[in-house]
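The chain below stands alone and is given as C-alpha cells, in the form predicted on its own.
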C-alpha cells in the first residue's frame, strides 16, 4: 500500500509508532522498523544527550530499516537541554524527526538545515497550518481519543482528520484511537496518508514495559481512561486507576494548582509502573483504543495483520458494497 507518506519517508507500510515516554526504546523501535513501519525513539526517555546517541546506535544494531527520533518540547521550570538533544540527533545521522509540543520552530529550522525530514504532532487544524508554514514535511493530527495530550478543543478524529485534510497540503497521518485495519482504512478514507499508533504498540511482545501492564491494557475497555489537568488547561489522557481518580477529585474541588497534585503525577512514579508492573502505582498514558486491544502480538504480527485485513476490507467488503 503506497501513500504520499510511505513514499516520502521510505517505509513499506503507512503505519507509525510515535514517541512515547519510557516506552520508545530501541527494542520496540527496531521491531517496528523491521515490520515495515516507522518507529521513533523517544529522546527524553534517555537521561542525557549522550545516552540518546548510544540508544540510536543500539537501534541501528537491530535494524537496517528507517527509524526516527521524537523530540517533545514542553514548558518546564527546569527544561531539559533541548539544543543538546537536538545536536545529538543531528550528529547521529538521523534523517527523520517527530517533533511535538511547545513552539518547535527553532528545532524545526535547525533540523531542516541538516536535511532532516520533520513530522510535527498537532491537536488542531490551526496548529497544523502553523506547522506547515514552518516548513515541516508532514503532520501527525491527534484526535481527542489519543493517549497523552489531546489538546483543549476536544475534537474527535472523525471530524478533526477530514477538517485538517481539507486544508493541509503536506502528507498527514492520523493519530488517536487507531489499533486495527478498520482504523487504517477509515483514516485513509478521511484524508490521511497513514496512521500513528501508540497504545497499540505498547501492547506488543517487544514493547519494553512490564507484562502486567500489557495484560492490564488487554483487560481494560474504552472507558478505562481519565482526563487529568483539565482545570490546568494541559489536559492529559491517562489510565484510570486510584491515582488518576484522586487527581480528578482534587481538580473538581476547584482552584487546584500543579503543586497540589505534583506528588501524584510524578513522571518517576509512571516509570515505576512500566518497570515494576503495578498499574496502580502512578500515572501512565494510555488511549481509549484499549477497547480494541485483545492480544499481545509481536510488532511483525500486528503490522502484517493490519495490512492484510486492510487489503481484505478494501478489496472485498468495500468493493462488494460498491458492486451491489
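Computed from a prediction, not measured in an experiment: that's the story for all the values here. Numbering follows the first chain given and starts at 1. Definition used throughout: the rigid core is the maximal C-alpha set that superposes within 1.5 Å between two forms.
We do not show the form predicted in complex with a small molecule, though everything after this point is about it.
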| message | Is it the case that residue 92, even though its partner is missing from this view, gets within 4.5 Å of the small molecule in the predicted complex, heavy atoms only? | response | no
| message | Please determine whether residue 44 contacts the small molecule in the predicted complex, using a 4.5 Å cut-off between heavy atoms. | response | yes
| Any chance residue 62 has a heavy atom within 4.5 Å of the small molecule in the predicted complex? | no
| said: I'd like to know if residue 276 sits close to the small molecule in the predicted complex, meaning any non-hydrogen atom pair within 4.5 angstroms. | reply: no
| message | Just to confirm the contact call: exactly one of 53 to 61, 30 to 38, 288 to 296, 257 to 265 touches the small molecule in the predicted complex at a 4.5 Å heavy atom cutoff, so which is it? | response | 257 to 265
| If you check 72, 216, 124, 241 against the small molecule in the predicted complex, which one has a heavy atom within 4.5 Å? | 72
| query | in the predicted complex, which of the listed residues (210, 107, 230, 149) lies with a heavy atom within 4.5 Å of the small molecule? | reply | 149
| query | With the core lined up, does the C-alpha of residue 249 move 2 Å or more between this form and the one not shown? | reply | no
| request: Could you tell me whether the Cα atom of residue 75 shifts by at least 2 Å between this form and the one not shown after core superposition? | output: yes
